[in-house]
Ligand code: DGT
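Encoded as structure tokens, the following chain is the form predicted on its own, with no partner shown.
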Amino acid sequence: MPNANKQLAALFEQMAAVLEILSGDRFRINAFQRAARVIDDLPDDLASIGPDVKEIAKIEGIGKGTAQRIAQFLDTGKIKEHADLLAKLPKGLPALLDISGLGPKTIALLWKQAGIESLDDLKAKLRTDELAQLPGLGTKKLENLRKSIKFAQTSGQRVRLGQALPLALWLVDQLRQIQGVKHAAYAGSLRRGKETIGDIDLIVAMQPNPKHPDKAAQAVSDAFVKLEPVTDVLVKGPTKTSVRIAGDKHAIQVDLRVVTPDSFGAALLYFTGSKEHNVALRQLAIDQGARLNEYSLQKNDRPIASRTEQDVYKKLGLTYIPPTLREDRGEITLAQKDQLPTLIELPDIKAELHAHTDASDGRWSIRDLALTAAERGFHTIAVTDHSRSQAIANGLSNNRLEQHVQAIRSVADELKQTITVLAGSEVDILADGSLDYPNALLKELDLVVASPHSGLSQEPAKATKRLVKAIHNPYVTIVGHPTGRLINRRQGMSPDMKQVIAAAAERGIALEINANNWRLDLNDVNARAAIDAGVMLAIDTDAHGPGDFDQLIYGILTAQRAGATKDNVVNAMPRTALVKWLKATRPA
């Protein structure tokens, strides 16, 4: 069972939402929401414990009732209460939860007062403004809903990087356990670190049996289709098998290809892509009197490289090109000149500059956050809880922030031999570009992460002016998730990033790649533009609990796609250099 924690967290989140639509007991709603957060933060997969209620209940934050539901899922793959709650709603109603701007209370209103029971019903009602008569729904809200529905539909059936990668890693691990498998890897756009993927490509190298060439490959296919999460088998053969695997919202197609060890490198290269990169490589091979396909690089009808990708690139006269750069954006020319950047890697990150505690909407204390960061090998952690406008996130009032800073300083003094703890805040960029706290208060902080959270449907010109004004505040250190988008759910703002980047360059501050897999904001294109303009990047997890630090890999992949090296990233700096940079961004 891949990633039982994620599946369980999604079920508890949906139970909380459905119960809220049904106007259920607030205590149960909060309990389900809390269970989802605790489960999502667990470092170990609950599937490893199994359906043992007593063992599950030993986990901090999980009560007996939650443990029983978890055990039921681990035993049967379902939670009966989840099915019972869904049965109380029209079948098409839960799908509305996927539309940005539609929360449980609004969905309940639409159902009970307007008779809306599905997305099709809502789309029909939105052809006019009749819903504007309902409490809390005006013409502007209706127009935003129309845009959200259109965006959700145009995002297609692609899944987020953060959904696909854990599943692919689990599948690869399962394949490697099959007798006779020499190599197994995931390929495709997932290996290139794209923020969304259409399907998962897997490549397996299997040593053939000389007497029965297809038998070994068939054994892989047979084992693959029997894996627990497989719901449908589309194609099954000795060299190619395609299945569907149940996802959070819709099934994910997974394609498995079986090759011999001699062809593994060529196959991995071919099926990783991109198409444009492969076309350029094939042309380069032709120019050298050779041919390149998914089996090998050949010259005079004889294979000259195929076992590893490195072998193929070397024979083509290229240094190895990392998968995240394979988009035909000049990487082949750089590889010919041995001028490819040394891309930033996960171990290069030595500081987290955007993290939340239980003072706002985080799930750990200042001390626990700091110690967890130290365990990860970080030399610095910044505590950046939400500002006062974020009431939904328990944002801090002016007085609470002052008290919070004192608490942070106390922990910083206690742990000074272990890790540097900075007092900061994630301060809302208000609609007009002003910040949520006065400068006199911002002055007392070590750093300010200024982020937009509301008004995300602003016209591009207003959004640009808003961000540029915030950047010119002398106490802003980093602009957090600049567009406010949520991948596949909310488009966010569309500012003129050229102007935003220019303003950040002028101020000498950083723009954030928020590593949360729902955000990845800046995206790779804007991150590349920032690097070209000399703007530093900050790769942060926006951590709210221990498990969030694991999302750092998604920010790293996005930065790699932008061609970032550790010299482009502020939280890859040594401690003294980071402190010096932070001071340089603020008034003397």
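Residue positions are given as counts along the sequence shown, with the first one as 1. Just so you know, these numbers come straight off a predicted model, no measurement behind them. By rigid core we mean the largest C-alpha set that fits within 1.5 Å across both forms.
Form predicted together with 2'-deoxyguanosine-5'-triphosphate: not shown, discussed below.
- A heavy atom within 4.5 Å of 2'-deoxyguanosine-5'-triphosphate in the predicted bound form is found for one listed residue only; from 189, 241, 357, 516, this is 189.
- 282 is the sole member of 282, 367, 404, 379 with a non-hydrogen atom within 4.5 Å of 2'-deoxyguanosine-5'-triphosphate in the predicted bound form.
- Heavy atoms within 4.5 Å of 2'-deoxyguanosine-5'-triphosphate in the predicted bound form are found in exactly one of 404-412, 127-135, 192-200, 470-478, that being 192-200.
- In the predicted bound form, 2'-deoxyguanosine-5'-triphosphate lies farther than 4.5 Å from every heavy atom of residue 324.
- The closest non-hydrogen atom of residue 489 lies beyond 4.5 Å of 2'-deoxyguanosine-5'-triphosphate in the predicted bound form.
- When 2'-deoxyguanosine-5'-triphosphate is considered in the predicted bound form, residue 41 lines it closely, a heavy atom lying within 4.5 Å.
- 2'-deoxyguanosine-5'-triphosphate in the predicted bound form comes within 4.5 Å of a heavy atom belonging to residue 272.
- With contact defined as any non-hydrogen atom lying within 4.5 angstroms of 2'-deoxyguanosine-5'-triphosphate in the predicted bound form, the stretch 70-91 contains no contacting residue.
- Once both forms are fitted on their core, a CA shift of 2 Å or more is seen for residue 9 between the shown form and the other one.
- Superposed on the core, the two forms barely differ at residue 529: its CA moves less than 2 Å between the shown form and the other one.
- Superposition on the rigid core between the shown form and the other one places the CA atom of residue 36 2 Å or more away from its counterpart.
- Relative to what is shown, residue 9 and residue 387 are farther apart in the predicted bound form; their C-alpha atoms differ in spacing by at least 3 Å.
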